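A lone chain, given as structure tokens: the form predicted on its own.
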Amino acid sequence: MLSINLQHSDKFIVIFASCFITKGHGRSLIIDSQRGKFDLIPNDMVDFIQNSKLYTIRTLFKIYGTDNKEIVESYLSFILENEYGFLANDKIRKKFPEIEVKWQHPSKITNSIIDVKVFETTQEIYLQTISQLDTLQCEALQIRSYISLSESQLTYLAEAIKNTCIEHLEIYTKYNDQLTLKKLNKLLLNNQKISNIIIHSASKEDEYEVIKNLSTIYYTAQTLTDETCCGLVEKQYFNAIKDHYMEANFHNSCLNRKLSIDGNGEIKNCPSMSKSYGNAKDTNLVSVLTNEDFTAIWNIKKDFVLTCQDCEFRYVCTDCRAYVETPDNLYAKPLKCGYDPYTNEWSDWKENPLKQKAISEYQLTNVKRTLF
């Protein structure tokens, strides 16, 4: 707790420019977008932070009065101890302007997903797809294989992006005994654009960092059988990094600047969505971007989505438009989200009686667990 002397300070509490606040229905979220961390705070504290931009700490104690002295002290302690802000006099604080919330990116496509059901089918279109993604300045590629890939097949996928602008490759593949940890380590060391390899359907849960802060091998017992595994909304997937936060303020945090190719080669916003914009075998990806239906979904930000617009997590959340609570409404809450911003409670989305009709319509009745 703060020293009692702080009550008499003529300094101001200044929130770091990299920190942002999202106000929800019942509480708010303060995030440090530089460190990628966040904390929940009461809505009253948001008003307090706004007042702190106008008044010295001494004046704040006077405004809130003796009855609220402990609350003011706790708010100030929280901000300083968690390094969301600092103390400064009036002259110094004016040298720290707030960051404008905006998002721009030079790439026409920033991220892509390629699903693998039959490797030979994917291999047929893979090289031409990578070449086109390079033209579109795609930075991140995720390959999700529902089958087991061999060392040579994984090497083929990795080698294809070496001389492209794709900087991050994440690969999901089904467990097999031949794909040993030694082989995976070698693959990552020789292909440093691979950020993660996730081995699903394994007999264990484990992880190995191959190159510190660059590449990791994950083993999970969860199974990846098809694209219905997609769309899960959980706190472990929240992203509080500045670029994601800024993008989510203006665009859909999952589908913006994304282009996907499902296991049959169909070009989609997401492999889980039904609408196809042609097959990668004979459709140029650049032409797909001229289709207004394809790009319109990029702009469905959380402020437009029912329930989500009142959620304190809306700008750090993964979103999903493939599976929503009302299937014929693209602005409905994600089906696989179990959070209620009106009660501030999490529950199992699969057990919610109000979601059962949509679960049945999407044929997700037998989905036990989702990976993403």
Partner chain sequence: MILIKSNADDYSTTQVLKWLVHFNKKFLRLNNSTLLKHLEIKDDTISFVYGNQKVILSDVSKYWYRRGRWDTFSRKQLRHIQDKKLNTYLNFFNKEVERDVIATLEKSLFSKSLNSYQTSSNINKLDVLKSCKELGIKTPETLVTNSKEALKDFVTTHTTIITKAVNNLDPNIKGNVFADLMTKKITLENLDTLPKTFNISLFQNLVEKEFEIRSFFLVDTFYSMAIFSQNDEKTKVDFRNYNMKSPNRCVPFTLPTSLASKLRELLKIYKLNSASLDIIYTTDDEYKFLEINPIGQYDMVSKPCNYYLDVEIANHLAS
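Residue numbers count along the first chain shown, from 1. Small disclaimer: the values here were computed from a predicted structure and weren't measured.
This protein has a second form, the form predicted in complex with the partner chain, left out of what is shown; the following refers to that one.
Between the options Leu127, Ile92, Ala221, Leu214, the residue in contact with the partner chain in the model of the complex by a heavy atom within 4.5 angstroms is Ile92. Of the residues given (Glu98, Glu234, Asp206, Asp226), Glu98 alone sits with a heavy atom within 4.5 Å of the partner chain in the model of the complex. Proximity of Phe16 to the partner chain in the model of the complex falls within the 4.5 Å heavy atom cutoff. Contact check for Glu266: no non-hydrogen atom falls within 4.5 Å of the partner chain in the model of the complex. By the criterion of a heavy atom within 4.5 Å, Asp32 is counted among the residues contacting the partner chain in the model of the complex. Among residues of the shown chain, Thr290 is not one whose heavy atoms approach the partner chain to within 4.5 Å in the model of the complex. In plain terms, the part of the chain that comes close to the partner chain in the model of the complex, with a heavy atom within 4.5 Å, is 104-112 out of 119-127, 69-77, 104-112, 290-298. Of the residues in 136-160, those that come within 4.5 Å of the partner chain in the model of the complex through at least one heavy atom are, in sequence order, Gln137, Glu139.
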